[in-house]
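Just one chain follows, in the form predicted on its own, and it is written as structure tokens.
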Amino acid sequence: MQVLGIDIGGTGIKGAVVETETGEIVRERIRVDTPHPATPEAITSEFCRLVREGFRWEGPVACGFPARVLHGVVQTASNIDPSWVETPVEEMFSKALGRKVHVANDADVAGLAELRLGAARGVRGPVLFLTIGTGIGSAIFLDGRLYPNTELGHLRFHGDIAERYCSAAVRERLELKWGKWGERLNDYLAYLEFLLAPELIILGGGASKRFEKYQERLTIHTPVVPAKTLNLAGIIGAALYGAEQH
């Protein structure tokens, strides 16, 4: 089955058509900037334009969204406009596009890609997946089953929330070298290790592509690996999620 997977982030909106049996990208990935302000109307318009004009796609569409999404309704808004809270995103996207669009939390669907096709495949016990980008998204799996809509990037940490201490956006804003930023990330991972005792921690998002630059600063006991699907995890996972809903 082929599904157009769309990954909406605080900085960019990315998509590709995915063969869901293998996770293979079968059409060239397209990326556009996330509109600012990232209001429901602005993102919905950009989403539809990407599907209709960018991909000219008439098949199934599914989307990872940077917020807690319960029963198709947005519950949080950290890296998007606050007006998204209580917005029925699935209904809004589906109505605007003229066909059903399945929407789930972006970290949850990215983690699904790693669970089905990547580093978490076949791993027993608790697995923690983190997307390190504009913010920090999280997904927890236990014996291959998802506990949905966690927000571990919003844990109180160093006087603020964790994503304001060690996200990729913080590294860029403070112009931190990879090693120094890796030490910050290690502090946060040590806290999560204490709280959750995972068997494995997988890092996705943009920072996963530069894992070798900070790997040596990650000194916790739990194994930490980059996502095998790297920064495509959100796109591939969205497509897999869409296929599972059909």
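A quick note: this is a predicted structure, and the numbers were derived from the prediction, not measured. Heads up: residue numbers just count along the shown sequence, starting at 1.
Same protein, other form: the form predicted in complex with beta-D-glucopyranose, not shown, and the subject of what follows.
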Proximity to beta-D-glucopyranose in the predicted complex (heavy atom, within 4.5 Å), stretch among 111-119, 92-100, 168-176, 76-84:
76-84
According to a 4.5 angstroms non-hydrogen atom cut-off, is residue 68 in contact with beta-D-glucopyranose in the predicted complex?
yes
Within 4.5 Å of beta-D-glucopyranose in the predicted complex: residues from 85-114 (heavy atom criterion)
105, 106, 107
